[in-house]
Every structure is written in C-alpha cells, then in structure tokens.
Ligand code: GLU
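Read the single chain below, which is given as structure tokens and is the form predicted on its own.
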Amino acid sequence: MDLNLLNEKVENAIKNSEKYKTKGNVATYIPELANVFEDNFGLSIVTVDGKEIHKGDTDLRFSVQSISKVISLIMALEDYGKDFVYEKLGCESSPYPFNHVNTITTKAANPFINAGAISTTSMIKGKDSKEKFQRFMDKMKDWSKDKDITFLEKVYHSEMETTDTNRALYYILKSKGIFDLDVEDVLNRYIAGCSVGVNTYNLAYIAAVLANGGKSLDSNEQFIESDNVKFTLAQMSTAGMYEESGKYQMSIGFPLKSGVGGGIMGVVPGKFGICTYSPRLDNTGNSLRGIIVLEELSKELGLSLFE
C-alpha cells in the first residue's frame, strides 16, 4: 500500500473526526479509568513490511483493558489447542453486554466477553500465578517489540475493588466445570491483564504481526501459529466490538478488538495493523472517535474484507 496515500487519508480522517472530540463519555465504573484527559487522541499504523505512521498522542500509555483478551486467547490456544479451548468456550457473538451473566449458558459465549476471557485466562500454563502472568507480560512485550510495557497498579487496584460482577461470572463458570482453580488466582490474573499500560504503537505492532500471518516483521520468526492467527482474527470479526460487532463489520469490515480504556486494535490482513486511542466511549464501551476514524479509512481505502 502506498504510504503517502495512507498518510494523507489518515490525516483527513483525523481532521474530519475532530467534531466528535467531545462526544461520548469515559468509563467510570472502574474509577481510575475516569482519571484520564478525555480529549486525547492517538493513531498508529504499522505495515507488514515495517513502515509506520504515528499521529497524536501515540506515546501515551493507557489501560489495555479488553484488548488483552486477544493475548489470552492466543496463549490458551498455544497451551491447550483449539479442541480443548472450544470445548470449554463458545465462539459465537452475544447480544448481551460484555459483563452480563446471560453471556454464559453451558459455557461462555466467546473469548472476548468477560466470562470468556476469565476462561482463557484460566488456561494459561505456569507453575504458579506469578509465572503465568509473567508469561502473559512477556508475550505482550515480545509481540510488540517493546520491553517497556508497564503494569498500571492504580488501574489494577481500582478494578479489583469493583470486580464483583466478574467474581460472580467466575463462580458461574466454576459451577459448570469449566475450571477448578482458585478464584483469586484467576481473577487477579484476568484483572492484571486488563491493567497493562500500552500505547498505540504497541498495539499496532501486535496487530501488524497478526496481519503478517503471525510472523515477526523484522526476523520472519513465527511468533504465533498461523492457525491460531486465523482463529483469533475470526473471533475479532464476530465478537471484538462487544454486542455491536456485526454492525462494525458492515461499516469497517476487518477484524477489530476494543477496550474500555479507549483503544481499538484493528488488523487488515496482509497489509497493516492499526490502533486508535480516544477514551470517550459510546454506549457499548467502544471508542466513539476511534470508530469514526476507522469507518472513514475503510471507506476511503477500500479496506473492508467483504468488498
């Protein structure tokens, strides 16, 4: 893809989205997430051949939140394989909010709702909780090529203090035999994964690795097995934007994963990875301005996989 054209379209999309700068609201159900500057905006693109575009607040670290569920799913697939994972987990979209108890029947509906991510978190291997979480952090650092990815303790403690619904989801899943691990082990690691501090470059690079079939951009090393890339991108397409995932596949048309911290990570297979950051959210928890920018870019550049 022509980098100059891509850069021009990015600048236009950002400019055209400025009227949405004060639309939407930051997440407040996790108190620490409300302590951000609401009007920040950043965008990073990393192409599969290593070229980069960065606009706005791209060095600013924000809470990864539900985008971490992509990492947890890939690790569960690596540690146990697809058959085991999807015996314990569904792969269908859900019409219910991401933390709703109705997202569980005999098992969680998909890996990108809270119940599903609690399930995949329980599958990450390690001798103890510390080693399991360290493996998670190491994957994020390796796949993003950033050893400085941080852990946001204030976000973690704020989320742990308000995690009653997630605790209820854990016990429902345990009652259905999905796992038999200690509640504090699983919940601590799930919340810790959501509390990792990233910037738009980190997530755009991870998305570019996925766009490159799981291969490193500089060494051609196979970071992620190609089948696991395929499964993950399929789930991002069907469930990555909560209960409005189908809507955004119609208007954007490539795999996406959002988080209530304000990030949206997108994968355009064979071309590039993209991440937008804007903490003002719509009613379903997706970054409002991020969606506007991605919709325009998809339209202007013909990025939808369904065209």
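Keep in mind that what you see is a predicted model, and the values were worked out from it rather than measured. Numbers follow the displayed sequence, beginning with 1.
Absent from the display: the form predicted in complex with the named molecule. The rest refers to it.
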item: Partner contact for Ser237 in the predicted complex: the named molecule, 4.5 angstroms, heavy atom; value: no
item: Non-hydrogen atom contact Ala211 with the named molecule in the predicted complex at 4.5 angstroms; value: no
item: Distance check, Ile252 to the named molecule in the predicted complex, heavy atom within 4.5 Å; value: no
item: Tyr242: touches the named molecule in the predicted complex, heavy atom cutoff 4.5 angstroms; value: yes
item: Partner-contacting position among Ser122, Ser94, Thr232, Asn114 - heavy atom within 4.5 Å of the named molecule in the predicted complex; value: Asn114
item: Residue among Ala108, Leu203, Cys194, Leu73 with a heavy atom within 4.5 Å of the named molecule in the predicted complex; value: Cys194
item: Segment that reaches the named molecule in the predicted complex - one of 269-277, 47-55, 244-252, 64-72, heavy atoms within 4.5 Å; value: 64-72
item: Within 4.5 Å of the named molecule in the predicted complex, all of Ala13, Phe41 and Glu296 (non-hydrogen atom); value: no
item: In the predicted complex, residues of 146-175 near the named molecule [heavy atom within 4.5 Å]; value: Glu159, Asn166
